[in-house]
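Next comes just one chain, in structure tokens: the form predicted alone.
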């Protein structure tokens, strides 16, 4: 199987002696990202302070994320984590007695679910739809759960545990039919699955940078549909969310127009520098082409796992999951450490080892990893 992105492998030095297949947790460090971090540190070292350059990096990162999801940079806020983004959105919602419910699933990431559960004192009721590992009907289950009492539908575009994909267009349409909003957690999809927030009519979408966006922890991007953003008034805020932060007026709270009102304090500038470089690389390669290649690697992973009689926790139907193929391993944390010693970086979650390639990986990486897994578990 020819690797269409083999020329890019040289940008990821770890691949010279280690196979990194942990993009569901942390992707490999690229030379452009390393250079962006070094440039940030260099300006700090030489100039002591370069607010203009640092804020330019934040603006460029916003623009790269917007380009990736087919939005405008004005529709993007920058926060510290997806949990922060969800909290800011939650703070702007009302949970009336006749519409108190947040619909989510049992396979959504706990951090986001905890944000919704924390709204209970404000009248919110969180309704968990049972989602099955390896299933392909989560979208339909969510759609069936939405009704006139639903205020918000919250879904993971790709599941952190088994990689299964939710049809955010279908769940979003179900939300709109009943007068509800949809929040999409794209942390496990952005950078590896094509997203078009306009074509998919997305209300709200958030992603952090360290996974398939090839960046580092400490930064998240929040998209809010423009017409919606103007209607929402957050109570989680900070000076960068105001109309004119540099007025330094402590007695006036005037929210910026659009998604910028969801900005909070001073943005994570070094993280933005890394994210600008990482997403520029992804946009150069093209996420649709990356998604196609990762689909081919998924097929390789599933076929090889079956041949080796490894239990696959992920959906096996084509297109039903993202890049992550979850392999059932009883002592997953121990096996993760032993895999690292053998030269393979993978990611354990509870009872699975997640094999999560990115565009820089090839079929030999995936096959070799699964064969080592089989060896270590027998």
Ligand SMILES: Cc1ncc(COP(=O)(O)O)c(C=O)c1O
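Residue numbers count along the first chain shown, from 1. Worth saying up front: this structure is predicted, and the values here are computed from it rather than measured.
Absent from the display: the form predicted in complex with the named molecule. The rest refers to it.
- When you look in the model of the complex, the only residue of 278, 87, 156, 139 with a non-hydrogen atom within 4.5 Å of the named molecule is 156.
- Proximity to the named molecule in the model of the complex, defined as a heavy atom within 4.5 Å, singles out one entry of 242, 81, 119, 72, which is 81.
- Here the chain stands by itself, but in the model of the complex one stretch of 185 to 193, 140 to 148, 259 to 267, 294 to 302, 185 to 193, has heavy atoms within 4.5 Å of the named molecule.
- The named molecule is not drawn, but in the model of the complex it has no heavy atom within 4.5 Å of residue 128.
- By the criterion of a heavy atom within 4.5 Å, residue 109 is counted among the residues contacting the named molecule in the model of the complex.
- Taking the named molecule as it sits in the model of the complex, the stretch 205 to 225 comes within 4.5 angstroms of it through a non-hydrogen atom at just one residue, 211.
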